[in-house]
Every structure is written in C-alpha cells, then in structure tokens.
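A single chain, nothing else alongside it, follows as structure tokens in the form predicted alone.
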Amino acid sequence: MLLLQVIVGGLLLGAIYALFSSGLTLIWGMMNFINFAHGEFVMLGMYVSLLVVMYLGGGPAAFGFGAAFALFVLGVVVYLSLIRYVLRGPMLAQILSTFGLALLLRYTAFWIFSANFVSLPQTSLSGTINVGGILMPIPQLVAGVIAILLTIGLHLMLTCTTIGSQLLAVSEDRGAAMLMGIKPDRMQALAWGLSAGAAGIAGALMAIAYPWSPSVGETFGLTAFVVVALGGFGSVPGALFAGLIVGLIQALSAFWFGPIYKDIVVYALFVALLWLRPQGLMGKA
C-alpha cells in the first residue's frame, strides 16, 4: 500500500511537470527557440501566488488566475521587448539572451524576497483524504488533477481551434502564414504568453503543496528540459506522458534508493533513452 501511495504521489507531481514543460515545448515547436528562463517563470508564478494571498487575501482560484495572468503578460512583454529582436541574430545570441534573462529574474527575486524558503499559508485545500486506503494530501491531489486537465486543454486548443491552427501555421511556414492574413508577430507573442502563463499556473499549483526559494527556478528549468526532450520537442502529448514518467521515476527512486539519488536515476535513464531514441517518445525522427 505504501508503494502504491508513492506511485500516486509521483504521478501527481509529474502532472505539474507536464504542465510547465508543455509551455517550453510550445515555444520550441513554434519557433525552434530554447527558453532558458522557463524555470524562472515557474518560480515567479509561485511568488505571485504568495503576494495574492498575503496582500489580497485570495484563495486558490484567485492566486491561480493571478499567477497565470501575470506570467502571460510577462511572456508577451519578453517577446515584444527581447525575443523578436534576437530571433534575427545568431543562435548564440538567442541562447545568451534567455540565459541572461533567467539570471536577471532569479537574482531580482533574491533581492526582493531573500534566499529564505517560504510557503503559502494554509488554504481551503489543506488536509488529507483516504482513497481506498491510500492517503493523499488534498493540495497535491488538486494540483495534479488540474495540471493534467490544463495540459490536455492546451493540446486541444492547439489542435481544435482557429487560434491553434494559426499558431501551427506560423510554425510551419511564416511566409505562407502572412499570405493567408495571419500576423506572425502577434501569434508568436501569444505563444510566449501561453507558455509563460502555463508556467505561472504550474508555479501556483506547486506553491500549494511545496515550499520554495528563488533558486527553485533552476531546478524546474532542468526538469522541463528533461521532460521536453524525453517526450519529443514540440509535442504537448509527449510532454504530458514524459512529465508523468519523470515524476514517477523520481518518486520510486527516492523510495527505493533515497531522495539524494532521485535526480541521478532520472538523468541516467534520460540519457539512455535519448541514445536509443534521440527524437524522444513522441517526437518526429
């Protein structure tokens, strides 16, 4: 029964990994652009949640929406003020731009919030429920279920809506999309907003259940790259399955070998899989 509880906990955590990784894979699939600041977007979503609770007295719905909205706006601003200019430059400029942005956001958070770990005050989601003998903390359960639903919703938006068709059209052929009346800059700004918004709400969901500090963005960034590469760059369903797999492997590794070994096992299996299947689980060869 304890092992089953560990498995469920790993899958719930993996669902949140999938949500913020889906934003990273959206940017790669649309623009072939790597955002090294994506982990910091998750971290900022956590702090936005804290500010909403502390100064506005908002509950989970309020700080979830607040984190998603604030990071959506930040994503659009980052694209309009930085990304659309470095896209015209060499790959090195693209890499260094978001790496520098990650450092700027991280150390600004250190300056404002300090290096101390913080956590949200108790919310209406606190407590534990017993499901068939499995004890599940309500915050982790709610966060995991919402993350899965939002990741599926993002995939459906990309594949079943007009906006999704326009986003995919720009990713396939920017020039042809312009001839069809689609404005690539507007679509790419929207993609950055959606990517950052997904990271923000994932951060809010993580904040419900786990303490954090400004340095957590680096860990989330590495996890997102593992999930995206494992699932296949550009594939939201791949990010969903890979996120669940990574969360499960981390939980089982911590249970069997100890918490300090969980990342070692994940990265070792990740390298082994990419050696056998470089395009990831659901990526195109």
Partner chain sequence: MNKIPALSPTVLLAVALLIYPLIFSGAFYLDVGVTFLLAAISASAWNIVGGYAGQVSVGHAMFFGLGAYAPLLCYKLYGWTPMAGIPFGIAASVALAILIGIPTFRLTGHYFSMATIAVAELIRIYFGTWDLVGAAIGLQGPATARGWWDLTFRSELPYYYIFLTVLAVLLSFTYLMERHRFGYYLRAIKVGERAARSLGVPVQQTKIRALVLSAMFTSVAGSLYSVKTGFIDPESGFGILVSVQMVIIAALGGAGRLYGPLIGALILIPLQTATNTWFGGGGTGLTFIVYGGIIVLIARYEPGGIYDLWEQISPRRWRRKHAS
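Numbering follows the first chain given and starts at 1. Every value quoted in this text rests on a predicted model; they were computed, and no experiment measured them.
Keep in mind that the form predicted in complex with the partner chain is not shown, yet the notes after this line are about it.
Asks: Among 193 to 201, 141 to 149, 95 to 103, 69 to 77, which stretch has residues with heavy atoms no more than 4.5 Å from the partner chain in the predicted bound form?
Replies: This holds for exactly one stretch, 95 to 103.
Asks: Residue-level contact is defined here as any heavy atom of the residue lying within 4.5 Å of the partner chain in the predicted bound form; does residue 153 satisfy this criterion?
Replies: No.
Asks: Looking in the predicted bound form, any heavy atom of residue 260 within 4.5 Å of the partner chain?
Replies: Close contact exists here: in the predicted bound form, residue 260 approaches the partner chain to within 4.5 Å, heavy atoms only.
Asks: Whether residue 132 contacts the partner chain in the predicted bound form should be assessed with a 4.5 Å heavy atom distance threshold; does it?
Replies: Answer no; every heavy atom of residue 132 is more than 4.5 Å from the partner chain in the predicted bound form.
Asks: Any chance residue 229 has a heavy atom within 4.5 Å of the partner chain in the predicted bound form?
Replies: Yes, residue 229 lies within 4.5 Å of the partner chain in the predicted bound form.
Asks: What residues, if any, in 12 to 29 have a non-hydrogen atom within 4.5 angstroms of the partner chain in the predicted bound form?
Replies: Stretch hits: a single one, 28.
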